[in-house]
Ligand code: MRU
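Below, in structure tokens: the form predicted alone, a single chain.
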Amino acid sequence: MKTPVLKRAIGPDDAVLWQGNELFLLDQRLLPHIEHFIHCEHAKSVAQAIADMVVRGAPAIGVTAAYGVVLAARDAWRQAGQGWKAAIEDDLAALLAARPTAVNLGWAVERMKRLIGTMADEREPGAVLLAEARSIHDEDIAANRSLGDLGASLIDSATSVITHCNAGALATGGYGTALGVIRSAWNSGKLERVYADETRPWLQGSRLTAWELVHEGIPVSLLADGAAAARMAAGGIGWVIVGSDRIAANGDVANKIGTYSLALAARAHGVKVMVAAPTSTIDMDCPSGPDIPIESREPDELLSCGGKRVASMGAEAWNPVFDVTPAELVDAIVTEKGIVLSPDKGKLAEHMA
């Protein structure tokens, strides 16, 4: 397995690296204690890395899948020459099936497929597809910086915020969505402290969000997932800021399990809820939250911790990865295109027009 040689220290913006014409993924399952890259040589290894949560976060999954299409095309050309378009189909299907909820995955693969449809059969496709994948990556970083600044503009004065799961640079092409807002707010002097839910069962808040914020020098305190309401009741929290894996056409938001209860607690305590996501996360073909496919994972993720069983033998588990927060609990959706206050179907349609 190859490890990339970097000219700088590894940081949150290095989660997805195309280097030396090869793809490397920072293994987020091992953070914060081990900084190790997985080398993906083929599209199926990219799909497996996505499914195994080596890389996670809807925008990062989309960027990774785009590079996976490049690897698929390279292999298809080697195997089939001018028949590469037919030979690539199985790999594209594997990429599309890796995670069902994150809409960016399908968006990125479909964008690459549209480009494939315009290409000549007799020309080696790698260089053209790599340029498109790099564009998707670069566009995501630029979008995150824009939405970060837009989201920070909603914060009137210095306050503390709560975030859930990880929607930072690790979950995107770079800079982050929810943590992009937080980074911009910190740079603008509008942020006092971030309270990060630990986010069971994968502990993305403890392992990833805290790692990112410490790396950026932003004060962070961890919360048990059930402590957020009490922290709001104690005062000093201005916003809940989260990302999203899919936003329906009516403004319903699918995000990491626990986001819905956090939004309910925020409404009860007069705390505003901001969802930060690129427009590629908004699925205008999905009418509302109940239409969003919700991924479930193995019960053992809840029944065990750190590889050791913590639940009584014979106990079962219900382990959906995401929940849906109704649009009426969301005060603002922020994308690279602007801000949608009190989102609904009409406002999102106008935003996406």
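Numbering starts at 1 and runs along the sequence shown. Since this is a predicted model, take the numbers as computed values, not measurements.
Omitted from view is the form predicted in complex with the ligand, to which the following refers.
Undergrad: Mind telling me which stretch in 52 to 60, 283 to 291, 303 to 311, 65 to 73 gets its heavy atoms within 4.5 Å of the ligand in the model of the complex?
TA: Looking at the other structure, the answer is 52 to 60.
Undergrad: So, in the model of the complex, is residue 184 in contact with the ligand at a 4.5 angstroms heavy atom limit?
TA: No, no contact at 4.5 Å.
Undergrad: Counting only non-hydrogen atoms and a 4.5 angstroms cut-off, does residue 99 reach the ligand in the model of the complex?
TA: Contact with the ligand, yes.
Undergrad: Find out whether any non-hydrogen atom of residue 171 is located within 4.5 angstroms of the ligand in the model of the complex, and reply yes or no.
TA: Yes, residue 171 sits close enough to the ligand in the model of the complex that at least one of its heavy atoms falls within 4.5 Å.
Undergrad: Tell me, yes or no, whether residue 253 is in contact with the ligand in the model of the complex, where a contact means a heavy atom of each within 4.5 Å.
TA: It does not: once the ligand is placed as it appears in the model of the complex, residue 253 has no heavy atom within 4.5 Å of it.
Undergrad: May I ask you to list the residues of 146 to 167 that have any heavy atom within 4.5 angstroms of the ligand in the model of the complex, in sequence order?
TA: The stretch touches the partner through 165, 166, 167.
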